[in-house]
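Only one chain is shown below, in C-alpha cells, and it's the form predicted alone.
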C-alpha cells in the first residue's frame, strides 16, 4: 500500500494550477462545512465513500489525480468520475461552490492524458466519429420520424424539434419522440427536424471532460442551426435544453429554447390540447436533476399530469422538487458499470415505489432508461413512462 502524502510538505502546485486554469476556481470558496456530502446521492447509496466536502481542499493542495502509483491513481480516477453532475451539492451549499465544475476540470486533464474509464473513452470516440454516443450512422438519425410526416426544418416553421440522441436511435425511447410529435401536431404547432444534419448537443462529452470534442459538436450544430434560420428549439432532453440555453451562447449560438413539458403545459392552459381519456393510475413524478434543480422547471410537468382525467399524482415524501435524488445517469454515469450495491438508480427507484405508485413518470430520456433497466434488474414490473407518453395516451381518442 502506497504511503500517504504529507500534505504539509508535498503540495503539488503544478496540478493545483492546472486544475484552477481548467475551471476549478470555486475550490477557493469552500470552507468544508460538509453539507454537500450529506446531500450527495452517494450518501444515500451508503456503500461508497465519496467525501465531497474534501474535494475543494484536495484541489488547492494539488492532490486530485496526483498519485504516481498505478492502483492508487485508478482509485482517484474512479472517485473523480463518480460525480453524476446532479448539482444537489450546489443547491445546498451556503456559498454555491460548484463541485461538479471542479471535478470537470480534473476530468479535462485526465482526458488529455488518456487516463479515464475505458467505457467513457468508447463514448467519446463514437461522438468524435459519428456525432452520437451510440455509434449509430448519422444518416439514420431522422429515421424515427419516417411514419410521422414531419417536415425538414426551414425558417417558415416556428420551432426546431431536437429529439436528442437516445430518442433518435434507441428503440424504446423512439416512442417518446413519436408521442411528442403527435401531440405537437394535434395542437397545430409548426415545427420541423434536421435529421442527419443534427449532431449530439455535446452535453455528455463535455461533462466527461472531452472539451475539444464538445466544442467541435457545438460549432457544427450552431453552423447548421444558423444556416437554416433556427430561432426556437424544443428539446426532449433536459440535458440538450441546458446546453442549448446556457452554454451555446458562449459560442455564438443564441436561441430561444424550451423543454417539451413547458410547451405541453402552455398548450394545455391554452386549451389547444385537452386530454379526455381517463388514466386511472396512481402516478409518481420524478424530478430530473437537470430539469429541476438546474433549471427550476418543476410545475410544468405536474400541470400536464394534473390535467389528465382520473390520474392521481403522488410525490416522494421529502425527496421531491429540488431535493429529488438523481437517477445516476448524468456526467457519463449512464455508461458507467458500477456494482449492483453502488447504483444510485436503485435508491431512487425504491423511493419512487414506496409511494405506492403504479406508474413512474419522467421528463428525461436518461431517467427513463436508468429506471427501466433498474426495475427489470430488481425483478419488478412497474412501468416507466415519459410525461409525453402519458399525455398522448390520455388523448388517445383523438388519434
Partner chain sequence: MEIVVCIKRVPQTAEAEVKVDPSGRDIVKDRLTFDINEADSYALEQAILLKEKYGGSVTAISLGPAEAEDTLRIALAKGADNALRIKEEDFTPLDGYKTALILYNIIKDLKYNVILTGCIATDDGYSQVGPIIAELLGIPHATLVTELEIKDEKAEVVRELEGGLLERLEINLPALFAVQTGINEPRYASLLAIRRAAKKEIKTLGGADIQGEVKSLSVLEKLYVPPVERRAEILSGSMDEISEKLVQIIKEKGLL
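Keep in mind that this is a model prediction, so the values were computed, not measured. Numbering follows the first chain given and starts at 1.
Beyond what is shown, the protein has a form predicted in complex with the partner chain; the following relates to that form.
Chemist: I need to confirm a contact call. Of 281, 182, 174, 126, which residue comes within 4.5 Å of the partner chain in the predicted complex, counting heavy atoms only?
Modeler: Answer to the contact question: 126.
Chemist: Only one of 344, 52, 370, 64 has a non-hydrogen atom within 4.5 angstroms of the partner chain in the predicted complex; which is it?
Modeler: Looking at the other structure, the residue within range turns out to be 64.
Chemist: So in the predicted complex, does any heavy atom of residue 220 sit within 4.5 Å of the partner chain?
Modeler: Residue 220 belongs to the contact set for the partner chain.
Chemist: So in the predicted complex, does any heavy atom of residue 121 sit within 4.5 Å of the partner chain?
Modeler: Yes, contact at 4.5 Å.
Chemist: Even though the partner isn't displayed, in the predicted complex is residue 139 close enough to the partner chain, meaning a heavy atom within 4.5 Å?
Modeler: Heavy-atom contact with the partner chain at 4.5 Å: present for residue 139.
Chemist: Report whether the minimum heavy atom distance between residue 70 and the partner chain in the predicted complex is within 4.5 Å.
Modeler: Close contact exists here: in the predicted complex, residue 70 approaches the partner chain to within 4.5 Å, heavy atoms only.
Chemist: When the partner chain is placed as it is in the predicted complex, which of 290-298, 266-274, 150-158, 109-117 ends up with heavy atoms within 4.5 Å of it?
Modeler: This holds for exactly one stretch, 109-117.
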